[in-house]
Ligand code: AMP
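Only one chain is included here, represented as structure tokens and corresponding to the form predicted alone.
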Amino acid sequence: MNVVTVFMAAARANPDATAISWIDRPLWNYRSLMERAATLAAGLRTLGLEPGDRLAMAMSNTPAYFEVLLAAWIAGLVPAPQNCRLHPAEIAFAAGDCGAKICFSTEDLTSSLLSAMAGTCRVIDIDSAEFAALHGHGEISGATVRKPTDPALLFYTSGTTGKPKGAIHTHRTLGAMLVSFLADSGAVVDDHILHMAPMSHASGFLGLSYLARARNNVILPTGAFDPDLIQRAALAFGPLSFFAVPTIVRRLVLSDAIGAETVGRIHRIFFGGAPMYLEDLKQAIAKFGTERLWHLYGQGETPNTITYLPPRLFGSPNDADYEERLGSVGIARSGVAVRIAREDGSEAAVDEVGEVAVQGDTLMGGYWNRPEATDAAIRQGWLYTGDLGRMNEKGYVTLVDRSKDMIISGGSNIYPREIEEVLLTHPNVAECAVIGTPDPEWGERPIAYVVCIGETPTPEALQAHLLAHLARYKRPQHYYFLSELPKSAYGKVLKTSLRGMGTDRSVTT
């Protein structure tokens, strides 16, 4: 079993269908894409790469992304895509960790990678003559035979609690991910997909399902949020669907450039990768309608496939549980089982908070050369996500926080997310993050970092706002007013960075 056979079959059946476009311009049909992948696969063999060898991909969004990915699979290699927004040293670490023999790069990254990768592996720019020459050695006519349990892709975690770990996705893992999405997404895979987020992550994983259906992968440059490019792509190829982290969804909501005509050319916005706060989701619904929004919850260890909240499950504002549904991440995806586990591993009761655990063929095969980390994450066949959540009687999962972010104050559990949710309902709060800080009397106390819009509210006003919704002991001890929150290359708030900040921005309450 080699997952690439799925895409080869789609190309044979639809050779003239557009496969890859750049912004608003078609580039390659499926015949061309697969020919390029097959000739590149032959070129990789001339470099001495053998089935099972690893190949790093440090590429900004580019039409060549899927060409390289498919070529690697045809040749039986194991690609390790890297987020182009990472520091070159971080990319070099991952390449060294997995023993990559080659790293393909885009022009914007090549120079810094050549320095960072010295002594690690060979770097080849995809716009270079060297890369072009790899297409001059004939082609591999069929996919290299691989076992279902053979590694197919290494996905490196963000490393917020230490060095990044390479999650091993097998050919079975990726096949199960494809089947789950095709089963759950309905008519959305008859659209084309827009890649505005890095293709190395959720957007690229989703794009595989569209390749399997011989649809058009429309690619935008990686970089700053650009409504003009989104509009051009939507008007050229709509209806389009795309993945976006909540931060980008918020920018789409606030952008005057995304008007009714563009909205009408968007079929589905898959959002995930970081918490989507209830207030932000309500604003997104006001602009896009529930029919265009699809909440996706997954992890690098089980890509895009834990739970989902599709439009049909949003319900109506007249429903008694409407806000509870909006605040959830939905129900288990097809092909996976989800449970809430207590610390002793037993299953939690309905609405009891515990750790989210998931089981199914979408799970990684383990971490690359990290047996202890693998044993800690996968226990008795269940992947323990590190996310705390609860499940109601209908099977809807609501995340309350990461286990490492929970605050224990005076023996009581405080979940930063519930404080953040309330703070965001204040009209002058644009973004916020709550963390715990040591306290000699209570053990820990919450503190809040706030990004304001309009007039900066006083700490007393924020405390009064919180007290209308939450218990008094959950109030932050200090407020830190910032111009922006530190975020990772993945768009997640870096609470580790907040913990390292000084107190000069503090306003004591």
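Basically, rigid core = biggest C-alpha set you can superpose within 1.5 Å across the two forms. Numbers for residues come from their place in the sequence shown, where the first is 1. Since this is a predicted model, take the numbers as computed values, not measurements.
Separately, the form predicted together with this ligand exists; it is not shown, and the next lines address it.
Contact check for residue 76: every heavy atom lies farther than 4.5 Å from this ligand in the predicted complex. At the 4.5 Å threshold, heavy atoms of residue 435 stay clear of this ligand in the predicted complex, well away from it. Using a 4.5 angstroms limit between non-hydrogen atoms, residue 297 touches this ligand in the predicted complex. When contacts are judged by a 4.5 Å heavy atom cut-off, residue 337 does not count as touching this ligand in the predicted complex. Residues with any non-hydrogen atom within 4.5 angstroms of this ligand in the predicted complex fall in just one of 176-184, 398-406, 251-259, 118-126: 398-406. Residue 329 is the only one of 329, 197, 357, 266 with a heavy atom lying within 4.5 Å of this ligand in the predicted complex. With the partner omitted from this view, the residue of 204, 272, 238, 366 that lies near this ligand in the predicted complex is 272 [heavy atom within 4.5 Å]. After superposing the rigid core, the Cα of residue 35 is displaced by less than 2 Å between this form and the one not shown. Whereas the displayed form keeps them at a certain spacing, the CA atoms of residue 387 and residue 444 lie at least 3 angstroms closer in the predicted complex.
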